[in-house]
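Below sits a lone chain in structure tokens, taken as the form predicted on its own.
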């Protein structure tokens, strides 16, 4: 097991002087390989706080998070016995806003910063940069450019490349497609799918897009008011009545399918994931 949450609670001081509970009694296990996970929930439900625990950016108020055999508790850093950087190398976190990660004068320097910080030689770090820039759909010419002169989509790709260059086992992305046009969103989702399949990495994506959840995820985690209220398959999630209680939307393909079933007075024998799948089902009944 790569990551294990055990009765994790996390709170922080709020403006009125009380403590705000961001996470409540979280029990969760994440596998190292083979999972494409989406993490969803309303704004303020605890999603970002949860993933920040996955590479020890924050520590639980109570409970523990075990990351690749290293147990992280509230007083872990004070004990001085646990080095957290190696954990952050294995669990790579890409922030929602790439500007939080881009600060060097060239794309190359930004990408090699992480590997060099973890002891990789300059030569090997540059070699990794040339490889990962291609993984994210950009050519080597981008390595010479300033990250601050790139488009929003290009900045996101460079920030992802910088994390991939550290060769993490798990890639965590906080709303990576926000602010992108449909093509940019689809291109990035294809990239994450390729990383998952070709590089054999577990990918965890925070998103508000239920179409992404339904089409790509093998597993869905739902946060609601600081609690983990669902952990399972997307097909089962959207067949429950709880999605209204959790203020989640229905994926477009499910909505279209239900309308067709109602108008045609039929019941399809399976739930399509794409329009192409739906066309096939319609042909079978007409």
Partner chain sequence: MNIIEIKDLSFSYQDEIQALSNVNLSVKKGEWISILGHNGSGKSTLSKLIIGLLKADSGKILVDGVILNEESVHDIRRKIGIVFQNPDNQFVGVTVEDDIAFGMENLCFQQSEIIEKIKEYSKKVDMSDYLKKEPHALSGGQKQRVAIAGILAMKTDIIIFDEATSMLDPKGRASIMEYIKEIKKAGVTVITITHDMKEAVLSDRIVILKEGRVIACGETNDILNDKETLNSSNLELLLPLKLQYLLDEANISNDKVKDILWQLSLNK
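The term rigid core refers to the maximal set of C-alpha atoms that superpose within 1.5 Å between the two forms. Numbering follows the first chain given and starts at 1. All figures in this text were calculated on a predicted structure; none of them were measured in a lab.
Below, we turn to the form predicted together with its partner chain, even though it does not appear here.
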task = Choose from 66-74, 230-238, 254-262, 24-32 the stretch whose residues reach within 4.5 Å of its partner chain in the predicted complex, heavy atoms counted.
result = 254-262
message = If the criterion is a non-hydrogen atom within 4.5 angstroms, does every one of 125, 131 and 193 touch its partner chain in the predicted complex?
response = no
request  = May I ask you to check whether residue 197 falls inside a 4.5 Å heavy atom distance of its partner chain in the predicted complex?
outcome  = no
query = Is there a heavy atom of residue 121 no more than 4.5 Å from a heavy atom of its partner chain in the predicted complex?
reply = no
key: Exercise: residue 248 in contact with its partner chain in the predicted complex, heavy atom 4.5 Å   = yes
query = Would residue 208 count as touching its partner chain in the predicted complex under a 4.5 Å heavy atom rule?
reply = yes
query = in the predicted complex, which residues of 151-185 put a heavy atom within 4.5 Å of its partner chain?
reply = 151, 152, 153, 154, 157, 175, 178, 179, 180, 181, 182, 183, 185
ask   = Just checking, between this form and the one not shown and with the core aligned, does residue 157 shift 2 Å or more at the CA?
value = yes
request  = Align on the rigid core first; then say whether the Cα of residue 136 has moved by at least 2 Å between this form and the one not shown.
outcome  = yes
inquiry  = Does residue 98 shift between this form and the one not shown by 2 angstroms or more at the C-alpha, the core having been superposed?
reply    = yes
key: Note on residue 153-residue 193 C-alpha separation in the predicted complex, which departs from the shown form by 3 angstroms or more   = farther
request  = Once you account for a change of 3 Å or more, let me know if residue 179 and residue 139 sit closer or farther in the predicted complex, using their C-alpha atoms.
outcome  = closer
